[in-house]
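In structure tokens, the next block holds one chain alone, the form predicted on its own.
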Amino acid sequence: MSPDIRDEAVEMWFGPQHVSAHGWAAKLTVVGDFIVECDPHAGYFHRSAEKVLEFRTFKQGPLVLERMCMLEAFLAEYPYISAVEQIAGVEVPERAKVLRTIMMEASRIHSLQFWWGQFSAELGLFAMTLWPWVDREFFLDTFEELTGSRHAVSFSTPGGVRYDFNEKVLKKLDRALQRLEQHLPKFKDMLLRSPTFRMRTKGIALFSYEDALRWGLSGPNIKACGVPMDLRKDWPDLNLAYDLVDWEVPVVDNPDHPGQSDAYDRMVQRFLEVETSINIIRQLLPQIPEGPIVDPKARAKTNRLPAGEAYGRVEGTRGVTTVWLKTTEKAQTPYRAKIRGPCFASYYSLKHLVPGSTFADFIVVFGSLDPYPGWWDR
């Protein structure tokens, strides 16, 4: 920053008290209406989850993960469970694989519905806040019917799942899907064709896939640049059921800026994510096999684990989510745990994306990345 500009610069904080700062804060250097520097500050939401895991058994550990991001609880708990299964050598029944995959995709849809509403509200489009949140309630009804909880679901467990589908669950899930399928074209029309939304998002926070790779972005934020990077395809998990489904990784390839994405493209990408998740669930529902939902030997095998280490991963709603575990011989708790949430990278990419934006566009830049504080303040 030149000395002349610095004389006019004002430092101010966005968050943690701002209504659009969901438990985070960034120090902005502003000249007039323009931001010239952005310094994100983590730590306002910190709960020491990695250290807490060292004092939780392998059956209690997934509860810590799902509470880090209850918007995608079925997905959030899985990397930890996957790491435990790898160390313990637990087999997962085929029925459990399919049930896991269905509910993980339903969780992805629910999380994106919440984001639509939140992002729309922050841009002043309040009707688009309420409508997807009403439809979201039908997915929450399904979660409650299946697990007894609407957010902290505790569904998967090492070796399978805790709860089986029944007719009520299937009926509620089908109702939620039908309602979303019916309303999805209307939602897309309300947002993507809205002059206000287009004006606020087109050309805002533009970055290339090279930038995304350099910053460590994943999920919709890199797929919106036209890069089909998705763990569900690139690293298929043997304890999930994506291999039973015919689907393609959704990407946005905007001819106006090939290999790049702006805030508008990232909204388009998330609509494609929802459509893909619906497609996966619809294909898997008729393929649910008969059989047990958990390995009967899993309880004994995961009570005390042998010495080892493993890396569990999942393609979460916001990108790649991973958990590394290290255990000692006959361990009842992990020796070390390391969580890599997808949002730490997207949060600190603000240092590069925000300078040059107007102050009014700051929340558009931030919101288009869909970061969640629990994933970076771990």
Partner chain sequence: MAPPTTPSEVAAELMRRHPGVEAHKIEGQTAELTVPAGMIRDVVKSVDELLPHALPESMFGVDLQDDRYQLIYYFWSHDIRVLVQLRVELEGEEPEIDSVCDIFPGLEWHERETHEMFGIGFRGHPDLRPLLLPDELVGKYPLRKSFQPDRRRLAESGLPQPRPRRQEANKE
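Since the structure is predicted, the reported quantities are computational estimates derived from the model, not experimental observations. Numbering follows the first chain given and starts at 1.
The protein also exists as the form predicted together with its partner chain; that form is not presented, and the subsequent description refers to it.
The three residues 39, 51 and 309 all sit with a heavy atom within 4.5 Å of its partner chain in the predicted complex. In the predicted complex, residue 210 approaches its partner chain with a heavy atom inside 4.5 Å. Within 4.5 Å of some heavy atom of its partner chain in the predicted complex lies at least one heavy atom of residue 335. Mapping the unseen interface onto this chain, residue 171 falls outside it, with no heavy atom inside 4.5 Å of its partner chain in the predicted complex. The shortest heavy atom separation between residue 229 and its partner chain in the predicted complex is within 4.5 Å.
Out of the listed residues 256, 243, 94, 234, 234 is the one that sits within 4.5 Å of its partner chain in the predicted complex by at least one heavy atom.
In terms of contact with its partner chain in the predicted complex, the residue from 187, 271, 215, 114 that brings a heavy atom within 4.5 Å is 215. Shown alone, this chain has one stretch from 272-280, 301-309, 256-264, 104-112 that lies within 4.5 Å of its partner chain in the predicted complex by heavy atoms: 301-309.
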